[in-house]
Each structure stands twice: as C-alpha cells, then as structure tokens.
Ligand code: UTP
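First, one chain by itself in structure tokens, the form predicted alone.
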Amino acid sequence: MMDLEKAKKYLKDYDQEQLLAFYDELDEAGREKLLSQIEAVDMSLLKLIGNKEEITARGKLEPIAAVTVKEIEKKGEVYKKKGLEAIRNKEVGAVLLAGGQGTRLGFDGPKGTLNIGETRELYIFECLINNLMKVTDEAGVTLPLYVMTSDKNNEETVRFFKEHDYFGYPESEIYFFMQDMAPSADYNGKLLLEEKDSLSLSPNGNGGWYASMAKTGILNDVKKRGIKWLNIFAVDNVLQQIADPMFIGAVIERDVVSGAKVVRKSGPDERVGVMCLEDGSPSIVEYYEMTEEMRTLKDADGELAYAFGVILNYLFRVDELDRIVNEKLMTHIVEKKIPYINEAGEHIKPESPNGYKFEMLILDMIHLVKNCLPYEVLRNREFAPIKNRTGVDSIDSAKALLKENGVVL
C-alpha cells in the first residue's frame, strides 16, 4: 500500500500534486481510498494527450467482402445446424457489455434498467434476455451469460437482475464481473478529482472486456466449461440476436477465428464504423476517418465498396483471444464533459467538454485477430440501438422497431 510520502514523490514526478489538495481534511478511510486510487492509476496515459495524431494514424485501407443476406439465405440451414450443434455441445458463451449509465437518455441508472414498455414493464435487460432465450429454447440447453458491469453500476445491476428473478433465465448461468476504470484529465493533462477522496474515474471502454474477465477470475469459468466461442454484444441494441446459431455456424463453416455482424449502410454519409482491411488484416474504420473518396467508392456492381457498418455484435474463438490478450490495444482519447471538484473543493458540472477520458474499444481487437467474417443482417430485424433520448437511434425509434418485429410494449 502506498503511503503519503511515496504518493507525494510519485505525484511530483508526474506533476500531479493537486490530487492531494484535500488530503489533510480526510478521515483515515478516505485517505486510504485516495492513496489506493493514486497507486492504481496508469500515468502513462497522460503521455498520449500530446500524441493524438500519431496514435490514430492508420495503415492502408481497402474494402472487405461480407457474407451477404442473399448468401446466408442460400446456406442458412447448413449454418444453423452447425451453430446449434456448437451450442448443444456447450461450446458457446455470451458476454454482455453493460458498464455504462443511461445519462444520455435522461435516465439516472444503468442503461439496461431503463423501462421502455408502454402497457407493461419491459426493460432493456429483459429484451436481451428474451432474445437469448429464443435460442436456448430452440437448442434445448442454456449457455452462460457473462455480464460486464463497472464500478459505477455493478451493485445496482446485480440487484436489479435479482429483483426481477433474472427475467426467467437460470441464475446459475449468469455471472457478473467489473471492467477496469481509467482516470480523467483536463486539457492541461492534470488528473481530476471527483470527490476530495476520489479521482474522477470512468469505465475504460469496451475493449478491455477479455482482460477484465481474466483479472476478475471469470475467465476460469469459461475455461472450466470448455467454451470455444464467445459472442460479445452491447447493452443498447434491443433487437440483436444473441448466440445466433446461423451466425455461429457461418463463422465455423468458413473456418475463421472471429465474426462481426454488420448492416448495410443506409447511405455513404451514415456515421457508423465500417468493416474493412487495413494493411491486409481485418479492421474497422470510423466514419470521421474516411475520406470522401472512400465514402462514395462503388464496387463492380455499383454498390458502396465500404458498405457494411458494425453493430457491436462479435464472435471470437477463445484460443484466439488468449493469443491476443496481452497485446496492447490502442487507447482512444475522448473529449467529454467531466464533473469534478475545483481548487476550492466545489463540485463543478460542466456544460461543455472540459477534458479527456481514456478508452479502449473492442473494434480495435478486430485488427489483432487473424481473420474476421463480416456477416450481414437486416437492419430492421437486428438493429434497434438506444443511444439518444430523441431522434435517430433513440428510445422512440427502438420502440417502433420492436413493434414492427411483433414485440408487445
């Protein structure tokens, strides 16, 4: 455990002495909490602030072919049979990324606890469990669901599942684990305090999910069960199909180590990350990284060459994850509105971005794996994200798509 004198020296080396500004006002528990957070913080992140352009430099980008809906229709039964076989052989697990809050939705709580029902209660978590149970009912077996939470929402998430009897899914098949946290810094590279005894910490992005499974010991359960495949998905897409047998079967049939569900872009200017090749390896390029030429490029059939947007639903082979787990993922520096306490100890809630958060993203894992199969799904059948309070990808748009797919709200 770091003591005060070690902390002073450590912080002086990095010009971060402001973190001890209120140390003398704290009780013993508060002092221990603050010192443990200081000891755990990764100061190397601060070096990234001055090298943002260098970090985000990309290699040679080229289009990548996807398994299209038409192709899937032709071989659907073959894919489904292989996928169901893997599920029945207990070779598949699912990982729900649920570390975030519903702040952007005007909701104070874990995003998955939001009620989107109209004539009845229907929670985001409930929608996802219902989608998973369609598969487990058909397969006749259950599969483990690993739920990644964060320090911000773990207790509330676990309690919510318990209060709702796990929405009918076996409690013994649901495991919770927390992702790592990362510090926040102002534009001058100074780390911020959230409270007098606490650094401003936030979940470190969805890219650290496998490392967090290993760190928390949850990965031991994956290995003990002999699971070969993990399906990773985000909390906010209420229509997505989880442990989809056809998706799993297609990846197995094509003998690749990973797959990514994708939807065909609605147009060249849709703001989504797009599957591509980067220096010959699978990758994902963000909308803002694409040139006008890339966005409008057509293939031989007159279709967009960079046509397939990712929806954060991936399948990874576990032995491939073991191979890449210790490789360094890119850290993204994101401008955010970060609440903090100022030099006078006053709580400040900024109305515009005031600093940086540091995040690792799962999309960067795609570039580390040997190969990845883009697998096209129909947008109005599997893509109803809830990211905004109103407008595009909002609560209202997701409700409309749920109704279109026969879900009673």
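One-based numbering along the sequence shown. Predicted model, so just to flag it, every value in this text is computed and none were measured.
This next part talks about the form predicted together with uridine 5'-triphosphate (UTP), which is not shown.
Residue contact check for Gly100: one or more of its heavy atoms lie within 4.5 Å of uridine 5'-triphosphate (UTP) in the model of the complex. Arg104 belongs to the set of residues with a heavy atom inside 4.5 Å of uridine 5'-triphosphate (UTP) in the model of the complex.
Although the partner is absent here, Lys336 sits close enough that one of its heavy atoms falls within 4.5 Å of uridine 5'-triphosphate (UTP) in the model of the complex. Heavy atoms of Gly273 never reach within 4.5 Å of uridine 5'-triphosphate (UTP) in the model of the complex, leaving it off the interface. The candidate site formed by Arg58, Ser283 and Ala305 is entirely out of contact with uridine 5'-triphosphate (UTP) in the model of the complex, as no residue has a non-hydrogen atom within 4.5 angstroms of it. Annotated contact segment (heavy atom within 4.5 Å of uridine 5'-triphosphate (UTP) in the model of the complex): 235-243, selected among 86-94, 319-327, 161-169, 235-243. This chain appears without its partner; in the model of the complex, the one residue of Ser258, Thr157, Asn231, Asn204 with a heavy atom within 4.5 Å of uridine 5'-triphosphate (UTP) is Asn204. Proximity to uridine 5'-triphosphate (UTP) in the model of the complex, defined as a heavy atom within 4.5 Å, holds among Ile227, Met290, Leu312, Ile174 only for Leu312. Contact annotation for 150-179: a single residue, Gln179, has a non-hydrogen atom within 4.5 angstroms of uridine 5'-triphosphate (UTP) in the model of the complex.
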